[in-house]
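Given next, in structure tokens, is a single chain: the form predicted on its own.
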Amino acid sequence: MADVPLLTLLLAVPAAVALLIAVMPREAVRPIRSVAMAGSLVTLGVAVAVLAAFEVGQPGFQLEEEVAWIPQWGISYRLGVDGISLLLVALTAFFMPLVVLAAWHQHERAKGFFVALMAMGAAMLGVFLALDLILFYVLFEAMLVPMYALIGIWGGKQRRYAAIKFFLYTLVGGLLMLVAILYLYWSAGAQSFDYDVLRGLELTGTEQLWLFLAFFAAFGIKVPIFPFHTWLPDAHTEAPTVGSVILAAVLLKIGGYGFLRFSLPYFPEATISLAPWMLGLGVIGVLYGALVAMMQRDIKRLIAYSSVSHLGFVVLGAFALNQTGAAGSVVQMVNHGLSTGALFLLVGFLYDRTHERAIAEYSGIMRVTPVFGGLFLITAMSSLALPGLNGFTGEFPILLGTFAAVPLAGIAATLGVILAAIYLLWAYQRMFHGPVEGRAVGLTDLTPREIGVVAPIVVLMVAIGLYPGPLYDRVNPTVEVLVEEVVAVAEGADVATVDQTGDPAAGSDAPIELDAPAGSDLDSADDDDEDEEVSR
């Protein structure tokens, strides 16, 4: 497998399938679905091969592929995967066959629908693998077209408004990021768009600040961070089921990924100075999203606002600037994708039967659809971070890292966990318990196909909840180096290597080691020890 370009295959398979479906007859709905499923399964198989080929414990990029693309401009086709991108690549490939199966009965413009799905998968995978910033930007913006089509063509009554709003928000953020990329290329003298070359630039504090804000415009909107979140509830509410699943499971993760991949290593001084503000925005997102979710009458809109809250935790972990929080942030992106993706699938299956999303229209669902009710309960418990399920294995390390950085932010974020339990369990109690009334009367349970869509996600929820160690084993080496580089800028010196064997999420009994903030008592004690050694 050493000579097989696995990463190129990972992008080429869904892209080729999209092109193949595009030339198939419009009336051949069944062959179109079969080709889409075959292509998504092959993509998943390649992703499994990438997981198997990835060498655990290595912090740098692996399986790199590079070919000169436009050499006179310093643009190359360069792909690579590390501990941060590996899990997100696997998550994307995992959901591709599931969304195809979920949309198996799609008949309205099925050809364009599955072309958009496959093109979306190729672009999202490319974003996580690209190590040339022009290639990254092209793929970053390419995602807009198929998602705009999914919302604008196959969405609800307000689909055009939601699609245009989504498009404009993300396009503006991406254009500001492009300006920053071009500044790095020309004004900073890089003469290349290679990830490592741009990472090695020496920038003034003022340059870093403005460039950080330009990248923030792209990634903050994608997360989305408050107050740039207003496009998300509309997009989720109006998107078809698979559009909401892709949006929640993968697309939103590009914001958190971008902060860790670009903002922290490229602009460490700006990151240090703006970290308190980013933590503040993260806390606001956690609490605001939870409070607004609690007030929703539409179950799909409730889940949409829950994403604003849960992804606030991702921002907290990234900008806590310690290994525990950053690793938890990466794992929580995967966990949120699983739990919220499953919630949107289940709500979509319910809507297919009743064409109603109002919480008040349902009562006693559990009595008539026990399988649906049981899967929804497990997924809700995962979303509210119940210990033993996957949500806890991401949120708990994030809270530990946030407490270590700014205790007040950690306390406030913990309130968000409590609010999540309130709005999810309250909605569940109203819809699934009580007498069978409203749209629950005559409701049929999940079909084998629908169970087959959700069951693999539930299996992963339980597996990660009980044993998250393999995820942290792959994430920790990369985020350790990343955080050390940023903290070194704050301390003005190299940071000692942190032993990762005591990662709490891996189930070790070893103590948790957190980076001591500069100027703290622990930091002063270390300086005293060094002075004593010098005097000897």
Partner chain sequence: MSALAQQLPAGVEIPEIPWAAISPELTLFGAGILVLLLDTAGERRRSASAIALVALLGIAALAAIPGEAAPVVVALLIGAGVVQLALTLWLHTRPRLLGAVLTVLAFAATIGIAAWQYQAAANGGPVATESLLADMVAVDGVALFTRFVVAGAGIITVLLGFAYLQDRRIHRGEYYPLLLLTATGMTLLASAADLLMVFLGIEILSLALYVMSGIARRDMASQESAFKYLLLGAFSSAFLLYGIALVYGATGTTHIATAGAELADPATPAGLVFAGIALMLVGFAFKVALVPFHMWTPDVYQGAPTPVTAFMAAATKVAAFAAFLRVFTGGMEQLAWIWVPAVSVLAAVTMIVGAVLAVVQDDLKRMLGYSAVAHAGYAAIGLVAVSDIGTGATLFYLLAYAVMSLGSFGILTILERRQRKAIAIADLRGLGQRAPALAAMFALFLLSLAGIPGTVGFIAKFGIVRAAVDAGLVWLAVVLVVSSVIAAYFYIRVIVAMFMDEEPAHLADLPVPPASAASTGVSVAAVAVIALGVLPPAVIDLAERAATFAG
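Worth saying up front: this structure is predicted, and the values here are computed from it rather than measured. Numbering follows the first chain given and starts at 1.
The following text describes the form predicted in complex with the partner chain, which does not appear among the structures shown.
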- Query: Among 179 to 187, 256 to 264, 229 to 237, 408 to 416, which stretch has residues whose heavy atoms lie within 4.5 Å of the partner chain in the predicted complex?
  - Reply: 179 to 187
- Item | Residue (of A488, V48, I70, L41) lying close to the partner chain in the predicted complex, criterion heavy atoms within 4.5 Å | I70
- Query: the partner chain isn't shown here, but in the predicted complex which of E207, D194, E450, E141 has a heavy atom within 4.5 Å of it?
  - Reply: E141
- Query: Thinking of I359, R367 and P370 as one candidate spot, does the partner chain come within 4.5 Å of a heavy atom in every one of them in the predicted complex?
  - Reply: no
- Item | Distance check, R30 to the partner chain in the predicted complex, heavy atom within 4.5 Å | no
- Do F167 and the partner chain share at least one heavy atom pair within 4.5 Å in the predicted complex? yes
- Classify F403 as contacting or not contacting the partner chain in the predicted complex by the rule of any non-hydrogen atom within 4.5 angstroms, answering yes or no. no
- Taking the shortest heavy atom distance, is K300 within 4.5 Å of the partner chain in the predicted complex? no
- Contacts with the partner chain in the predicted complex - residues in 108 to 127 whose heavy atoms fall within 4.5 Å: R109
